[in-house]
Ligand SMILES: Cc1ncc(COP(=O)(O)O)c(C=O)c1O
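Consider the single chain below, provided in structure tokens and representing the form predicted on its own.
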Amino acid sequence: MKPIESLVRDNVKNLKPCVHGAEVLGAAEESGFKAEAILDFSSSVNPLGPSKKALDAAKKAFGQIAAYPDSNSSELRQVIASHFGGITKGNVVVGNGSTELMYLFAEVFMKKGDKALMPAPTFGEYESAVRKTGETPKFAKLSKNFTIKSEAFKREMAGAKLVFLCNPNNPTSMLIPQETLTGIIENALEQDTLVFLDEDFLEFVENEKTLTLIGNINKYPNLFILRSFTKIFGLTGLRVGYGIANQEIINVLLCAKIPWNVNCLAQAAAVAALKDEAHLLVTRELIKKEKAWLQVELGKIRSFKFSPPDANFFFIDIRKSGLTAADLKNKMLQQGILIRDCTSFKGLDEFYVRVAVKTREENERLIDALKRTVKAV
């Protein structure tokens, strides 16, 4: 038989897995700690975990396992539409995690020779999704302060089929100024360019409702907005994400997605999670309080440089510490704490790390370990 590699499609041959945080099992193997003993600051999800109501709903749904799940996630789509108001079930598509929808979007809309533009640095799966289609992504480098250079970005957009944006951006934890964001979308609309706007972390931002562009999907028919049940809802292992756009875009995606893509437990848990406003309120209060506390404590470490974060994680330049991100990650792991080495993000050198906001007890452990590792005031 011919070598298997010779049978693989050309656009798949050179694909490489995207590097992510939350690699707790690998960290356990490397460090000798048990996985449950490692404190994971590399993954920026709800430190309180999922709502009890969501867990109860998942348990109750165990009785449905013998049957196929609703392939169109109809109830969940309706609950999402009702949650935001001003949209209908027809404006919503649900995926097996938000990452599935990134790949689906690229697969549906990227044709041979098309270009997709994205900032650098940003979330790595956008690039992987484009490369899987066989096309090559184009990158627009952020400014020294990690902001989008609006006019330069618009120039780079010329001839692009898709634009990927993350707001707040991962890993920088920075919001795109509203004027810059709408300017890019309007410019894209004029040239028939689609905008994939990832708002996965926006729910951690205090004034989220005034910043989301969900209410503008009819004004901007080229706009697709991504949301997730992974981050603030804490349903990370169940894999549920969703997208909101005009009905024409959603209809195409509904036809192109694989059937039964979201299991019955995930659908039930997501419905309950979205309805549990009390859990969201407690989570947001915790993040607000602990982010402020961490900002003060991290600021006492003289060799760290960072901007106040908009999302629920800190993006830190550690070059003055004399350590690389890999060095610091390894030293922290020896103390049972996992942080995100950001070297894998395109556009960054080896001196950036990312740490999540967690509970006070966990945050204190982080700060104590950092102070033992790097020079503090």
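Just so it is clear, the model here is predicted, and its values are computed rather than measured. Start at 1 with the first residue shown and count on from there.
The same protein has a further form, the form predicted in complex with this ligand, not shown here; the description that follows concerns it.
Item to check | Which of 118-126, 245-253, 85-93, 290-298 sits within 4.5 Å of this ligand in the predicted complex, heavy atom basis | outcome: Careful reading of the contacts points to 118-126.
Next on the checklist: Under a 4.5 Å heavy atom criterion, is residue 137 part of the interface with this ligand in the predicted complex?
Outcome noted: Although this ligand is absent here, residue 137 would stay clear of it in the predicted complex, with no heavy atoms inside 4.5 Å.
Checklist entry - Closest heavy atom of residue 77 to this ligand in the predicted complex, within 4.5 Å or not? => result No, residue 77 stays farther than 4.5 Å from this ligand in the predicted complex.
Checklist entry - Just to confirm, residue 275 within 4.5 Å of this ligand in the predicted complex by heavy atoms? => result No - in the predicted complex, heavy atoms of residue 275 and this ligand never come within 4.5 Å of each other.
Checklist entry - Is residue 265 a contact residue for this ligand in the predicted complex, using a 4.5 Å heavy atom cut-off? => result No, residue 265 is distant from the partner.
Checklist entry - So which of 102, 188, 271, 225 gets a non-hydrogen atom within 4.5 Å of this ligand in the predicted complex? => result Of the candidates 102, 188, 271, 225, 102 is the one lying within 4.5 Å of this ligand in the predicted complex.
Item to check | Residue (of 261, 230, 173, 283) lying close to this ligand in the predicted complex, criterion heavy atoms within 4.5 Å | outcome: Spelling it out, the residue with a heavy atom inside the cut-off is 230.
Checklist entry - Across 186-200, which residues bring a heavy atom to within 4.5 Å of this ligand in the predicted complex? => result Contacts from 186-200: 198, 200.
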